[in-house]
Structure formats: structure tokens, C-alpha cells
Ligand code: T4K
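Take a look at this single chain, the form predicted alone, given in C-alpha cells.
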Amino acid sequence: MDDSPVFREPLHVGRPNVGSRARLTERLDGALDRLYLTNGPLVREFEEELAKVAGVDHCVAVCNATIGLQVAARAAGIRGGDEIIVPAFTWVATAAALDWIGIVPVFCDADERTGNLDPSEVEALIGPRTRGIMGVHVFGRPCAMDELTEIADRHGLPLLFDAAHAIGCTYKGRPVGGFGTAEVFSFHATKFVNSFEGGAIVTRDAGFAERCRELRNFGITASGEIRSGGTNAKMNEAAAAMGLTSLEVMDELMGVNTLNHRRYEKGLEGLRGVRVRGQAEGERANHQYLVIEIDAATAGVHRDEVHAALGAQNVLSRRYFHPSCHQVEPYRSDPARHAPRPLPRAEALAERVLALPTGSAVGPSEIDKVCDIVRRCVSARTPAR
């Protein structure tokens, strides 16, 4: 009997997309010929192209999205000791970026259907020390923009979005990137559009963009004056070269992801207790994350058992996001400060979701095999009664 795994080589979630090596090499050679390795024309071109994708006038490229969130928060006037409302159901970097510069993340429960901030919970959390709201477009599905904007405007609070998952997506037909005070994209290597490492702050507000540009460059103004404290958050030319190369195939990659999503839906259709999480109806979605949700009571198997079964076959699924942010340090040791209200829906989602491989690294054959592993794992168990 052959006990070897279904896949000889590991099948990863978030395997990098490279795009055209020739175009990347051409851009890197140009940077070396110019001897501009930072503060150069490729970064400016990348910013211009990103602004077009986001439908905004201003883009500030940064070395990664974590620092981008910090720069955006500082530019919005949020300081150490201030509180900002963030989702409990997100990657820990959202909260850690703020905590690292002394801002207090206060965790908000999720809308179970979308995985995003529940606006009614946001309203309930606003207190005397609240100085901002930061939403996350979880798995690329846009937040409830209208409701969050109304709440933020009524309370006079800046509204920021961690848009790490959502480049190319739309909300009511408008591109993600042009909502709130500002939004922050991520171009980490695992994102479907990547710049090796990198990020960008996009906004419609010229003054806000100017403050971000100063803060990412030690507080130095366009005229060379040091007007405030800042940091070094600049993107280099090599990262911008990769970013531009990746942007050129963004639409193509979205098409691949969409086909993969449909294949997974077909492959898992009718499987008890298992569903593929969808995107907003009628909107453009990048589908860079393929996420299934497993209801243990109905499926008869817990998400972690499916995760282990996939791993045994060399499918490296990811439990995004487990545990929920408020359940990890340093936040779980100070619930009165960081989690003043119960977070049952975020906790429930963290126990049910599982990200599966997608992108250009998988095709119909690989997807069918992954679905078969999930089916066999669920079919072997009897659901609870």
C-alpha cells in the first residue's frame, strides 16, 4: 500500500506570483544603471499606477504595510495612549502595528457573515479616549463603508482601513482605496500583487498625503525642512520594480483566482457542514484568499482535524485567523483595556475558517485533489446529534 502523500511537493497558501521575469530584470537593470536604488523614479511610477487602481489622487509607497498603518495613524493625529477601535478577527499585525507606537487597540466583534467590523459594536465601543476607527477588509471583502463612515463622521473620528487583502476589489462599484481618511495596501510576498515586501497609503486628501510623505522620511518636508519627528518607511527601487511587474498581471491573476474559487465551490458543493466563503455580490473581487468554513457540529469534524488531514497530504492550509487577536499576548492579559465587550462571533470564526491554496500555483487537478481530501475527512465522521 502506498502511504506517500497526495502531493510530492508542499502546496502552499500564498505562494508568490512573479510575473514577467524579463520585465522585472529590465527594471532592476535600469535602477542599477541610474544608480538610484531608493528615492527613485520606479517608486514614483508605482505610486502613480497604484493611485489609478485605487481611484485616488494620492499614494505614498512604504517599505511594508505594518509601518504604513503606523504612518497613517500618526498622520491622522492618533498618539500614544489614544484608543483606536480595531477588529478582533484579523491578522495580529493590524493591532501590533498600533500597539508598537503606544496606541491602544480596542477590539471589536465581527459580523459573522462578512468577517468584518460590526458597525453596531463599533458604536458601542466609542468612549472618551477613542481617537480613531480602523477597519480591515477581511479576505478582500470590503467593510460596511457607509455605516462606518457615518459613525466616524458623527463622532469626529478619523476612519482608516487596513486594505492588505483588498487591492482591485470594489464597494458599490468604487475601488477599495478611496474610502475613509486613508487606506493601506500590503505588497508582502504572499499577496497576489507583491513587491517582495512593501505597502502603500492611498487617500483622497492632499494634506494627509503630504503628512505621510514627511513621516515616512524622518519628518523632512518637500523643501528639506525637518518639521516633525518621523521614521524611515521608504520603499526602495527594487521593491517598486517588483510591484510594477506584479501590477501588470493583476487582472490576469484575478481571473485565475476567480476560476479557482468556482472550482472549489463545485468541488465542495453539498458537503455537510462545509462552505466556501464568498465575496460581496455584484462587486469585483480579487479572490486572493480561498477560505472555507467548517461547522464542527454539522460536519462531525473540527476545522483543526481537516487542517491536520490536509497537512498529512502536503497541503499546507492556514487557520486564518486563529486565535483571534484578543486571545494572544499582550492583549489577553489585559482584557479590561483591550476587550471591554464580549467577542463571541470573532472567536467562533477563528475556530471555523481555513485558507486553502489558490493562485497561479494551483490548477483544476490540484484543486480537485484538495477537495477530495476535505471530502474524505468529513465523510469519515458522523455529525453530532
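What you see is a predicted model, and the numbers here were worked out from it, not measured in a lab. Counting begins at 1, following the sequence as shown.
Another form, the form predicted together with the named molecule, is not on view; read the next lines as being about it.
With a 4.5 Å cutoff on heavy atoms, Val71 does not count as touching the named molecule in the predicted complex; it lies far away.
In the predicted complex, none of the heavy atoms of Thr258 sits within 4.5 Å of a heavy atom of the named molecule. In the predicted complex, Ile367 stays away from the named molecule, with no heavy atom inside 4.5 Å. In the predicted complex, at least one heavy atom of Val136 sits within 4.5 Å of the named molecule. Among Arg341, Arg44, Arg332, Arg318, the residue placing a heavy atom within 4.5 Å of the named molecule in the predicted complex is Arg318. The partner is absent here, but in the predicted complex a heavy atom of Ala93, alone among Ala124, Ile220, Ala312, Ala93, sits within 4.5 Å of the named molecule. Heavy atoms of every residue among Gly14, His188 and Tyr289 are located within 4.5 Å of the named molecule in the predicted complex. Proximity to the named molecule in the predicted complex, taken as heavy atoms within 4.5 Å, picks out 160 to 168 from the listed stretches 160 to 168, 114 to 122, 267 to 275, 142 to 150.
Contacts with the named molecule in the predicted complex, taken as any heavy atom within 4.5 Å, map within 47 to 67 to Asn64, Ala65, Thr66.
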